[in-house]
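Just the one chain here, the form predicted on its own, laid out as structure tokens.
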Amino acid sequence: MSAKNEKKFNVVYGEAVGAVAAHSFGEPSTQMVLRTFHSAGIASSVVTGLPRILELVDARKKQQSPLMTIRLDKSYAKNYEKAKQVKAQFEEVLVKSLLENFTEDLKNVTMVLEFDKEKLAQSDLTLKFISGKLQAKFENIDAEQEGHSLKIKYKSKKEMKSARTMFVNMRNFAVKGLQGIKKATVQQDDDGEFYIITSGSNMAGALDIEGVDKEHLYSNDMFDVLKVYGIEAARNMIANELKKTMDEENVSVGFRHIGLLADAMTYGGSIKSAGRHGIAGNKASVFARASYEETVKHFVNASVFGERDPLKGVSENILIGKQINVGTGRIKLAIKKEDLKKVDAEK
């Protein structure tokens, strides 16, 4: 959901919007836990429900099921064969996935890669192409073709450990496709247009592929969106994913609460989790940080560095029994001395 589609709501001055938003998420989340247990037998490749919400709120850099939805240009969208050609450029093909066998001779610093003919044909690859890719990526190697095998010779005089590391990296090297894209499938929408869904996310690489509609590219990986499109796009993506996950579970949460959480996670220019390593752990107030988790650590650090607490937030004032700066507690009244004298005289 883009920012222009968001509805604007009037909020009463002094309302505890953070507490209301937290309650709006927390209460229905208990129902989502129950639903997750009830639907435990349903197999799905995409993480949904409470695990997905936790993944987003915790801002986990490694997500369980990153996906991209790629729309195609008009000249490709109606043509299935062209869509398949674009799809073939996405799927990552590792050297090890094409091998029948391999042998390493660390004494002579050589490795022989035996390729499977059928796998090479399915991936539309040749040994000459693979050899060129490996020599372009890795320095100080010679690649010699012997039938359906490649003999790799490491020319450097470095220690054996570096040769071993390089041999492992070569087998894990992607000779085709985009890094991180394990699988891609072509699908068709109700309008008869073809589009591509990938298991894995690499938006920067997708933008370089011919036939991709660069204005309609979507990823559910917040850090990939941040890297390519910036913090505002990442904020909208987090809000959109939270809303979509809630809707899938038939949980109604006002978008104002979802938008507030997304704003709090991204307002500093980077994505922060809502836990002790993010928003809660970076508050200016010592008491607010200590009231959440790791109490002793925060008090000790504050003592060592001589921190002062301005006592402007909610948590810290509740902790010490002071009136909180919310609702009527936010209102400050003043009266002139002359008027006070008149009041006293009337009494």
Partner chain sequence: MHINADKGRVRKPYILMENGKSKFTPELREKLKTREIDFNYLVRRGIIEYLDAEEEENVEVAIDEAHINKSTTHMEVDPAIMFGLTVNSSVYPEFNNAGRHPVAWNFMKQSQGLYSTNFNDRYDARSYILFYPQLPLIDSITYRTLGLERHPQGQNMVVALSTYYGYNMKDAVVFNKAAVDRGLGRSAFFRSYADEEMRYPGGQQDHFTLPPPTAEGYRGEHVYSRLGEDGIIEPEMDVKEGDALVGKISPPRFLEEQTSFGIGEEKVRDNSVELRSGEQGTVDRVMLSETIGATRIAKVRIRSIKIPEIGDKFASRQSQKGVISMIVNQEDMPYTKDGIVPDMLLNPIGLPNRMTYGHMLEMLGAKAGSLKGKKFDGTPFSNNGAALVDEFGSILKEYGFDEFGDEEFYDGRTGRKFKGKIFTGVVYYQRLWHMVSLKLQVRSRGPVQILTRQPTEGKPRKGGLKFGEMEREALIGYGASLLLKERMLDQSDKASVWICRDCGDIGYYDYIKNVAVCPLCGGSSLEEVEISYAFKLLIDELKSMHILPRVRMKSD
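Bear in mind that the values here come from a model prediction, so they are computed numbers and not experimental data. Positions refer to the first chain, counted from 1.
This protein has a second form, the form predicted together with its partner chain, left out of what is shown; the following refers to that one.
Trainee: Does I318 reach its partner chain in the model of the complex, with heavy atoms at most 4.5 Å apart?
Mentor: Residue-level check for I318: yes, a contact with its partner chain.
Trainee: Quick one: does V314 come within 4.5 Å of its partner chain in the model of the complex, counting heavy atoms only?
Mentor: Yes, V314 is a contact residue.
Trainee: Indicate whether its partner chain has at least one heavy atom within 4.5 Å of a heavy atom of S303 in the model of the complex.
Mentor: Heavy-atom contact with its partner chain at 4.5 Å: present for S303.
Trainee: Would R308 count as touching its partner chain in the model of the complex under a 4.5 Å heavy atom rule?
Mentor: Flag for R308 set to yes.
Trainee: Is it true that V47, G49 and V251 each have at least one non-hydrogen atom within 4.5 Å of its partner chain in the model of the complex?
Mentor: Heavy-atom distance to its partner chain in the model of the complex: none of the three under 4.5 Å.
Trainee: Scan 321 to 336 and write down, in order along the chain, each residue with a heavy atom lying within 4.5 Å of its partner chain in the model of the complex.
Mentor: In sequence order, G321, K322, Q323, I324, V326, G327, T328, G329 come within 4.5 Å of the partner.
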